[in-house]
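In the form predicted on its own, a lone chain appears below as C-alpha cells.
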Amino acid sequence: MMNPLSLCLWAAAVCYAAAAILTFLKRAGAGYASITAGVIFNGAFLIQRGWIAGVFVPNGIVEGVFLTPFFMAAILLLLGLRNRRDLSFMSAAVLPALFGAFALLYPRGIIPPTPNKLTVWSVLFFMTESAGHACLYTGGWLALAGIIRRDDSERYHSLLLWGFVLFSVAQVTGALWAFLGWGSVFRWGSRHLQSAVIWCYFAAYLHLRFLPGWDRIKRLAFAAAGMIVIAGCTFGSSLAEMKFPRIGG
C-alpha cells in the first residue's frame, strides 16, 4: 500500500497532468481547479518531506525537483487570481505536469544534510533558485505560446523579470552560504558556472529591447530558448543527485 508521502506526490502529479490535458481540451477553468488541487497535494508532500528524518529539516522541503513544480503551479494560480476572464496562460500547465512526472522518478528521501547545509542561507538559496527557475520556465513557455498564437500579451516579460530578480537573489544568498560553508563566495565548479550561464543569458534578454534589430518576435524566441538553457544547466545535476544515499527512501 502506498505511504502518505508517495500518495501526495502521485496525487499532485496526476492533478498537474489533468490540468494540462483539460487545458488542451479547451477546458481551462477545470484545468485551473485541477492545478489548485495539485498545489495542495504538492504542498502536503513537501511538508511531510520536511519531517522525513524524524525531526524537522527544512532541506527536505526546498529540494528543487519537488519545489519547482509547486512554484510553477502556484504562479498559474496567482495569474488566475489576477484575471479569471483570460485563462490563456493555462497552456503553461504542461510545465508542472512534466516536472511532476520527473519528480515521480526521483527518490523520495532527503540527502543527509551536512553541517554547512544547516543554515538559513542554504534554505533561502534553494527557495529563491527554485522560484526563479519556475518564473523563467513559465515566462519562456508563454513567450513560445506568444509566437504560436501571435499573442500581444506582455505577461511573459513580467514573469521573466521576476524570475531574473529571484534568481539574482539566489546568487547572493548562495554566495553567503558558500562563504560560510566553504570559505569562498564562488568556485570554478559546474554548479556555479551553470548558475552564471543562466544569469548572463537572462541579463542579456533584458537588454534586447535596447538593441536595434531585435523586434518582438526575436525577443520572444530568445525568451523561449531560455527554457532549453535552464534545462541544459540543471537537468544533469538532478540526474547525478538521484544516485546519492538518502534518508527515508
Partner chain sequence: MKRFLDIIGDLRIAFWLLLSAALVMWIGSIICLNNYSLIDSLNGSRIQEWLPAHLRQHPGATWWIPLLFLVFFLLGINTMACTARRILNLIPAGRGMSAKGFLVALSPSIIHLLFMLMLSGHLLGFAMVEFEKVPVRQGEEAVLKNVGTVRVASVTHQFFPRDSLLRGRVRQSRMILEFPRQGVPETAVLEFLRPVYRGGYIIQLDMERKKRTETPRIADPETCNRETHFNFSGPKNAGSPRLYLAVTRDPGLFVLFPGFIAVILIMGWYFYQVTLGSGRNAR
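Numbering follows the first chain given and starts at 1. Quick caveat, the model's predicted, so the values are computed rather than measured.
Note that the form predicted in complex with its partner chain isn't included here; everything after this is about it.
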ask   = Looking at 47, 217, 40, 203, which is the one with a non-hydrogen atom within 4.5 Å of its partner chain in the model of the complex?
value = 203
message = My question is simply whether residue 185 lines the interface with its partner chain in the model of the complex - judged by any non-hydrogen atom within 4.5 Å.
response = yes
inquiry  = Residue-level contact is defined here as any heavy atom of the residue lying within 4.5 Å of its partner chain in the model of the complex; does residue 53 satisfy this criterion?
reply    = yes
query = Taking 4.5 angstroms as the cut-off for heavy atoms, does residue 57 touch its partner chain in the model of the complex?
reply = yes
Residue contact check: residue 32 to its partner chain in the model of the complex, 4.5 Å heavy atom = no
key: Stretch in contact, per heavy atom within 4.5 angstroms of its partner chain in the model of the complex, of 91 to 99, 158 to 166, 68 to 76, 134 to 142   = 158 to 166
Members of 202 to 231 lying within 4.5 angstroms of its partner chain, judged by heavy atom, in the model of the complex = 203, 204, 206, 207, 208, 209, 210, 211, 214, 222
